[in-house]
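In the block that follows, a single chain appears as structure tokens, in the form predicted alone.
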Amino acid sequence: MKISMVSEHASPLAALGGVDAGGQNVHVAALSAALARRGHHITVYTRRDADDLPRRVRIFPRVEVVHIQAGPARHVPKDDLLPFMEELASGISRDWERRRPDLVHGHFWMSGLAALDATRQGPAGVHIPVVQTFHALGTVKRRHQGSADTSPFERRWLEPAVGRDADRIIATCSDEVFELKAMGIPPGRISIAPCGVDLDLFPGAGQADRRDRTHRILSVGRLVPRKGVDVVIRALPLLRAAGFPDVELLVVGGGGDAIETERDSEARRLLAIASELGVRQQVTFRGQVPREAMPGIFRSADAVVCTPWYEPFGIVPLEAMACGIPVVAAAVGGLRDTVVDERTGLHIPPRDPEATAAALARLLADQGLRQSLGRAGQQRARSRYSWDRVAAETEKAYLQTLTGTAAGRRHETRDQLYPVEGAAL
């Protein structure tokens, strides 16, 4: 089938380029490639964010990226993109005049707005089904971040409207299903297809990076407070008291190389905490690194620690598991699905340094346990989270959408549920 993907702020080209890629970039790139391997033709629409980008870029066989002029041709923070979604929708609709898709799949709530609006601009009587993956929900973000949430205020009503008006929602974990039901989405229109892991990039065996201390624990992700790196730093003196003084916390992620990262406001806050606790020499910031360097970094660690306040899904635990490394994970969001407690890793309560230290001490003291959890994690990643399997589950959701009755329901009610022109934007 011919599938249009809409990913307004997260281009798959960033995933191919490496260090600037986030979870959605990787997801869209890998899912598109896997669907193409199943014989589908994928066009990914994203916003032009640089003047020198070509209009169309073929990145894999049967997969191309189309850059749509929507707002200035420069980087714009994703929370500032809402005013440009109508322009993005118009550009998509015009491109569909060349070849209309069988289905459109929006990624993130603003992409859903653009996808739905693009279908409304087509010829009268022509229905293009819309599938939506949110990747993160505003209700969850507001609950945990409160006044620190930088989402546009309109998200409060536009995101639920997208959920109600799309033909099908693909959730990435069971926790998201409960949140979607609370938003008023009928469970019969919700499918689950998780994120995946690149098993070729993250194989089970290979070289490990050198480390200088007896033990290394690893934290990977953006440097923002909600990722909870401070929880791991606060666990270090507790580990020392438990008999593990020679532990390095390696933090990968940030705004540039190691020097640039240490100038970041969140990095400075974390280093101040480490200095106050007397563990500054145990904390190393690596900064951004190319994705191809990550397998060796994962294998250099005794454990990967993921301690966010909340997590819509989280690809890092899958990458660690694929490399055979046990994961200590806060029991929140998608981490409760991917990391099986006492089998592929250990669950801990969120924002709990004592529990984090206790779990890490247990792992550091028992090499056999680390190896057992690592082997089980590797098996789970390969059997459950390959992108080919995720693509098959996504394809099943597409076929349900095309053959179901939701299309007639949305065609009748869309204008009522989705009033986004004019003042709403």
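Don't overthink the numbering: it's just position in the shown sequence, from 1. No experiment lies behind these values; they were computed from the predicted model shown.
The form predicted together with a small molecule is left out here; the points below concern that form.
Residue in contact with the small molecule in the predicted complex (any heavy atom within 4.5 Å), chosen from Gly253, Gly71, Pro237, Gly138: Gly253. The listed set Arg216, Lys227, Arg164, Arg189 contains one residue whose heavy atoms approach the small molecule in the predicted complex to within 4.5 Å, identified as Lys227. For Val131, no non-hydrogen atom is located within 4.5 Å of the small molecule in the predicted complex, even though that partner is not displayed. In the predicted complex, the small molecule sits beyond 4.5 Å of every heavy atom of Arg143.
None of the heavy atoms of Gln282 is located within 4.5 Å of the small molecule in the predicted complex. In the predicted complex, the small molecule lies within 4.5 Å of some heavy atom of Val289. You can rule out all but one of 83 to 91, 312 to 320, 96 to 104, 168 to 176: in the predicted complex, only 312 to 320 has residues with a heavy atom within 4.5 Å of the small molecule.
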